Ligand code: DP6
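This document opens with one chain alone, in structure tokens, the form predicted alone.
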Amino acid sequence: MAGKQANHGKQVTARAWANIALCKYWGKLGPDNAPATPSLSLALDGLATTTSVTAINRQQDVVLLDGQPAAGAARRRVLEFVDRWRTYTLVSGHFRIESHNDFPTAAGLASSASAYAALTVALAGHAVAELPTGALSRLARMGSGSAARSITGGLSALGAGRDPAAQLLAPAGEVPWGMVVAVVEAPAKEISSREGMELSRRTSPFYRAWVLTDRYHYRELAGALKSWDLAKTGELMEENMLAMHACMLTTQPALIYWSPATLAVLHALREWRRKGLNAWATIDAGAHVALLCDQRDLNKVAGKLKALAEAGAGIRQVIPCRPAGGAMVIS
């Protein structure tokens, strides 16, 4: 397939939403972010990335992240991703890429998932031919493994394997649950998720056990989700999260992403649950905590977290989220 010449000045803007995994992706089988563990996730409407891709008459791409020129590893990853599209002759020419997050970046809130899903859909607007959803999901995965699930949005699954695409299990409008995200005080991550996964694979004595445990949780969660069993889903989700962090903690060097505020939320949640609050926690590769609950309880859970913040627990922001859809072109 021969690529078409970029239409200079043409701009495509897309939006995608971060997804928080109920069953975690942690570990790779090989290149292109081939996942070693199957995962399930919920896209959240409070965590969005908007990306514009404009064809330009220049000899190199321009990358702006949140209004600033991208630098270092972030810039290199974006350029390598766009080069892949040119290598596949899906697009030609060069582009100005402007991406904005409305939530913290590189902090364990799946910002790379929404970022690469939005970039994928915006680049597809410049492609020589229309790309089906499965192809978009696979391309997004090459930028960020979790981005495959932000392409489909809603409640989505990504199987383990060499070249999987995400599958939509339930669209956003059919999911009765939401999440409240507690953005906590924490230092910047010293080791990225991408680097951390490889370190865990090579050095954690618990890595093989983690992979087997995740596959078990994936099967059990798939059953719980069929009947929208919130309690069973929440319990399995917490078990899965703790197993992943056990693998991280036994990595060399240890991947300790939690902060004191993370633990404050977890301890408070256990007390709230003893008093009848139906909410369960999950934490990606970072310090922030997402609490899964029925949509009818979103304000109640958010209120608990805000009260905890006022008590000095180190919570900087509370973001109630309903399920979000898949990545889309918005202009």
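Since we're looking at a predicted model, the values are computed, not measured. A residue's number is simply how far along the shown sequence it sits, counting from 1.
Only in words, not in the display: the form predicted in complex with the ligand, which the text now covers.
Participant: If we take heavy atoms and a 4.5 Å cut-off, which stretch out of 264-272, 51-59, 279-287, 293-301 is in contact with the ligand in the model of the complex?
Facilitator: Selected range: 279-287.
Participant: Kindly confirm or deny that Arg15, Ser99 and Thr120 each have some heavy atom within 4.5 angstroms of the ligand in the model of the complex.
Facilitator: No.
Participant: Consider Met197 of the chain shown here, and say whether it contacts the ligand in the model of the complex, taking contact as heavy atoms within 4.5 Å.
Facilitator: Residue-level check for Met197: yes, a contact with the ligand.
Participant: Ser112: heavy atom within 4.5 Å of the ligand in the model of the complex?
Facilitator: Within the cut-off, so yes.
Participant: Does the ligand come within 4.5 Å of any heavy atom of Arg77 in the model of the complex?
Facilitator: Output for Arg77 is yes: heavy atoms within 4.5 Å of the ligand.
Participant: Heavy atom to heavy atom, is Ser144 within 4.5 Å of the ligand in the model of the complex?
Facilitator: Close contact exists here: in the model of the complex, Ser144 approaches the ligand to within 4.5 Å, heavy atoms only.
Participant: Identify which of Ser193, Thr213, Thr251, Thr233 has a heavy atom within 4.5 Å of the ligand in the model of the complex; exactly one of them does.
Facilitator: By the 4.5 Å heavy-atom cutoff, the listed residue in contact is Ser193.
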